[in-house]
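The chain below stands alone and is given in structure tokens; this is the form predicted on its own.
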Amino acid sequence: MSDLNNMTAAESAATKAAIMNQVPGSEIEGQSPLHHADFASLAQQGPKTGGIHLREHKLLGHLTLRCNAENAEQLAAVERVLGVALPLQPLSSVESGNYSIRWMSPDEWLILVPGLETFEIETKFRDAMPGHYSLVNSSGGSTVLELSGDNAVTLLQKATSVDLHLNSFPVGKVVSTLFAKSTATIRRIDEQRFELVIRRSFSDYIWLWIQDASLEYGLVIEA
């Protein structure tokens, strides 16, 4: 029997994968798509009260997982790696500590994790997941904005046709939708707080749009 036949499934997969840590270490300064906006200075010098509060959750790890939602072994492996089960209900999400998972389609999930843990989690998936699956690191292509405040819903209603009434869009619900002529994946965190996953290429446009759309309510930047 050849050495290849004696390999475990994980070892065999590792020999076929191009393994590379794409995330720089903590000694290298990472810059988000909105680095130039300098949210830290705006938060310090800008208004402290207003109807819209904006924060960027920058430099998170963005992992897109595709697997079989009916495969119990794969579901169990994901839960071992992340410490939380995949959300299987359409348009739902779960979170545990610094990890959050969004249902994107019947066989696709978006996982957000602390940026410096991304490669470690990729490695754990490679070792734990049986069968056919896909895990793609798209961290550099997106960023996350958090919108909150008394006028958060009203602001979002300017940008999307999604029904944001709490009965139709409860806490934890996720939708991918048109947003101010761009796109966003919106998750409701609580009654007046939302999380937007936006593409890097549209981040500056959306930042400028939010500034303009917030003029009548007052915009507070949070670091």
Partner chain sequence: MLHIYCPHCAEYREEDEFHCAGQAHISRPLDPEACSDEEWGEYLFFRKNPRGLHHELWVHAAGCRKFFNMTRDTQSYEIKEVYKIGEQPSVVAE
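As the structure is a prediction and not an experimental result, all values here were calculated from the model. Positions refer to the first chain, counted from 1.
What follows is about the form predicted in complex with its partner chain, which we do not show.
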Practice item. State yes only if every one of 86, 100 and 195 has a non-hydrogen atom within 4.5 Å of its partner chain in the predicted complex; otherwise state no. Key: no
Check your understanding: Considering 104, 113, 81, 94, which brings a non-hydrogen atom within 4.5 Å of its partner chain in the predicted complex?
Key -> 104
Point to revise | Interface membership of residue 66, its partner chain in the predicted complex, 4.5 Å heavy atom rule | key: yes
Point to revise | residue 73 within 4.5 Å of its partner chain in the predicted complex, heavy atoms | key: no
**Study point:** Partner proximity in the predicted complex: residue 178 to its partner chain, non-hydrogen atom cutoff 4.5 Å
**Key:** yes
Check your understanding: Can any non-hydrogen atom of residue 161 be found within 4.5 angstroms of its partner chain in the predicted complex?
Key -> yes
Exercise for review: For the heavy atom contacts within 4.5 Å of its partner chain in the predicted complex, list the residues of 188-223 involved, in sequence order.
Suggested key: none
